[in-house]
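Take a look at this single chain in structure tokens; it is the form predicted on its own.
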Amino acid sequence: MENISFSVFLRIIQQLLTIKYQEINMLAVRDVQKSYGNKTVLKGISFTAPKGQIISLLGNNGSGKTTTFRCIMGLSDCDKGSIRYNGRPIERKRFGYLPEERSLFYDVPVFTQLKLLGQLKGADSEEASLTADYWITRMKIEEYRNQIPLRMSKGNQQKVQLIICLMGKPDILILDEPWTGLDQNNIGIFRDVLTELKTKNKIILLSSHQYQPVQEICDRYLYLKNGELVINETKAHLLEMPQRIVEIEHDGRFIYQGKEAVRTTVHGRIVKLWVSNDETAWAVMEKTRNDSSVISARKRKLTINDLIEVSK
């Protein structure tokens, strides 16, 4: 009996050490639940975010994205579950946060407020100045160094907001709608900066309603629906999937008669045929070659937007 009890004890210790080891070098969200009054906002969501990865948290308004962020940052307590970084509870100083609504001092010059915020996050005067100057140059807003944000465009204000997020040299970045107010050129600058931070082993969590930059930059896609995590997919696996989409633009008369499609969705005069593999996609396109109602046809791999469309 004593031997059995001891073996069980050893097995429990081994399991605990395995879990601990698995949580090293990552943010681990385990079975997190959260309610406000009688409304359950998060229904036991779980995911991991390893160092050096960019993770998107997607979903419609009210799906639970903001509550998830608040729980991760310790701004709201979980009713159940755990959130750990490197196997331990997270210190708030680990975070850099870019909120959806800007929180700038609009009448304080850019460099002045960046240096001040750097010092508030623990840097000395010289380090805060060097860090502020580095990011002002990196974000290409040197001409606004001594300008007040009130006189800057929304896109340049957003750049300042991101620099504020980075001033404390955080390990985990939480970015809520980071592309807000940005044109394509500035989206590119943000993308390059986030990629640079990724190579420095930062963990980046972002939410966005703009799926194109998400598709390009993120390593994993999470999608919340009514407080439940209904999609948890990596970019690598999505690219490896054999399924294809055949998109057909037509003049309003097109009706597909074949049986190859496992799913068909219609968006105005665009028909999306979901087929099992690349060979089948070519066969479908060949069938549409002589159809006078077809304006164009193309095949492509699945995107995160396709998965979200199916989950709705």
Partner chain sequence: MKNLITFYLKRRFFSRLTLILGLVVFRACGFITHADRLSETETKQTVYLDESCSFLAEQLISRSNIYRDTKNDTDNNCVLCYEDGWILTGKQITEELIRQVENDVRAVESEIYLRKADLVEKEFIERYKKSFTVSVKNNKKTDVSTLVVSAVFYLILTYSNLISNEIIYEKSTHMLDMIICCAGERAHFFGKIITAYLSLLIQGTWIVSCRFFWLVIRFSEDHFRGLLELAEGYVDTQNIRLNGESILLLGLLLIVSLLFIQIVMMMVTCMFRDSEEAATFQNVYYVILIALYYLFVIRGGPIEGSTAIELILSYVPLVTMIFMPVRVLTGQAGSLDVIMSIVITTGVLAVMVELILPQYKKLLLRK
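Bear in mind that the values here come from a model prediction, so they are computed numbers and not experimental data. Numbering follows the first chain given and starts at 1.
What follows is about the form predicted together with its partner chain, which we do not show.
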item	value
Listed range touching its partner chain, judged in the model of the complex by heavy atoms within 4.5 Å, from 232-240, 133-141, 212-220, 100-108	100-108
Arg263, Thr288 and Ser293 all contacting its partner chain in the model of the complex, non-hydrogen atom within 4.5 Å	no
Residue contact check: Ile90 to its partner chain in the model of the complex, 4.5 Å heavy atom	no
Heavy atom of Gly74 within 4.5 Å of its partner chain in the model of the complex	yes
Heavy atom of Leu116 within 4.5 Å of its partner chain in the model of the complex	yes
Leu175 within 4.5 Å of its partner chain in the model of the complex, heavy atoms	no
The unique member of Ile203, Leu224, Leu206, Ile164 whose heavy atoms fall within 4.5 Å of its partner chain in the model of the complex	Ile164
In the model of the complex, the one of Arg30, His250, Lys51, Arg70 near its partner chain [non-hydrogen atom within 4.5 angstroms]	Arg70
